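This document opens with one chain alone, in structure tokens, the form predicted alone.
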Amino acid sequence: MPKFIINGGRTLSGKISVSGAKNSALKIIPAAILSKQPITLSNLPIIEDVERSFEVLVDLGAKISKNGQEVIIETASLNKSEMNPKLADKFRGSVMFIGPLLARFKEVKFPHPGGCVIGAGGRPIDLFLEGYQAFGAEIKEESGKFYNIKAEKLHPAHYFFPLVSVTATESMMMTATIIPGTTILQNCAMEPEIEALANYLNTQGAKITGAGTPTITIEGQEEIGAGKFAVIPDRIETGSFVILAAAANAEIEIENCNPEHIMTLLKILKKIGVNFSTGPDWIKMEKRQTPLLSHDIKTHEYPGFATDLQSPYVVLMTQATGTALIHETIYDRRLLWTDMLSQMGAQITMCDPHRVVVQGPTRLYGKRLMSPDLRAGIALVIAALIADGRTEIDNIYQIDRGYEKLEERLRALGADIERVE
């Protein structure tokens, strides 16, 4: 199993480019099932979860032509609607194939999606199943591990989400795209990736309005055509690099990003003494002459503080003066990784599974660690880069799932990081 070897404390500077958004690509790819015409996608991140998505599509009968970050997907030859458990169990993004397959074939069989082990009960899919039932589908469940969803005919729905969910919003929106009639979704998530997905589908002939607001209306079509789409910049990667620069007090320019997508984070950084400037597609992080100040956060759905940036932010607070309360409201067990940060010298008190208190500033020291999930993994990399001494991070497959060629981009900034197979 590969691991990172990081010698911390190096001076970082230079430019780093943001990849296409993982959380956008993993919805755009299965959306190709909704059309029988070829789809061209560009600015795709070359990461593990994207490759797993391609594997699922090929197994279903699709044809894929790759040219770097550009891919042509042809789904006219799709010949089944049952997902291979060996493939679907590898990543959480497999849940996004269910809606398009149901809409196209009126039946889909699939195992419980895999992926990161965060969230109580293995991140249940009850919200998805309830949504499919609203379209007229019947659900059969086998031991809670395999599902068969079927409908003689799907109909449009007026559905109110009892909980705000990004992936459930996107799945229902995709499903409704080729169900003739008017579907109205309420209490929707408002993440930029949802608006990007709607824009993509609309270029193919879909009629979706309201994406990015709590109410989305879909005028379902009999079919949609071909389309071309460039994946938006990854706002979580953008935020992670911003936090890295702040923690390392480094002059780093982050390119090919959208600062508007991380305004909550940037506003907090201004308050705590981080210096930076922004442009349409860049952020310049500057050195500061004064100490960082602690600041509490509470994760929330967009446009609130992103749960996926909570882990890197905890690392930043170990370098700030004062006490910060970190309140995770989205996922259970997502703060358990902070025990590893404590092993590096951080002063962290766990109040309960949803809250920790970070006392800073503290010096961090290199340790041998294991990445428990994708976002905690990048947080450990940031901690290792600012720590004294050598850190080994095992299980970096989790990090590869979301960050393209991470060590190469960090070395370009001056980091001493090596991948060891």
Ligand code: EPZ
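Sequential numbering from 1, following the sequence displayed. Bear in mind that the values here come from a model prediction, so they are computed numbers and not experimental data.
There is another form of this protein, the form predicted in complex with this ligand, and it is not shown here; the text below is about that form.
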Open item on the list: On the criterion of a non-hydrogen atom at 4.5 angstroms or closer, are N23, R92 and V166 all touching this ligand in the predicted bound form?
Closed with: yes
TODO: Could you tell me which stretch in 254-262, 275-283, 135-143, 304-312 has residues with non-hydrogen atoms within 4.5 Å of this ligand in the predicted bound form?
DONE: 304-312
- [ ] Could you confirm whether F110 comes within 4.5 Å of this ligand in the predicted bound form, counting heavy atoms only?
- [x] no
TODO: May I ask you to state whether D126 is within 4.5 Å of this ligand in the predicted bound form, using heavy atom distances?
DONE: yes
Open item on the list: Is L374 part of the interface with this ligand in the predicted bound form - any heavy atom within 4.5 Å?
Closed with: yes
Task: 4.5 Å heavy atom contact, Y200 to this ligand in the predicted bound form - done: no
Task: The single option of I184, L78, I330, I268 touching this ligand in the predicted bound form, heavy atom within 4.5 Å - done: I330
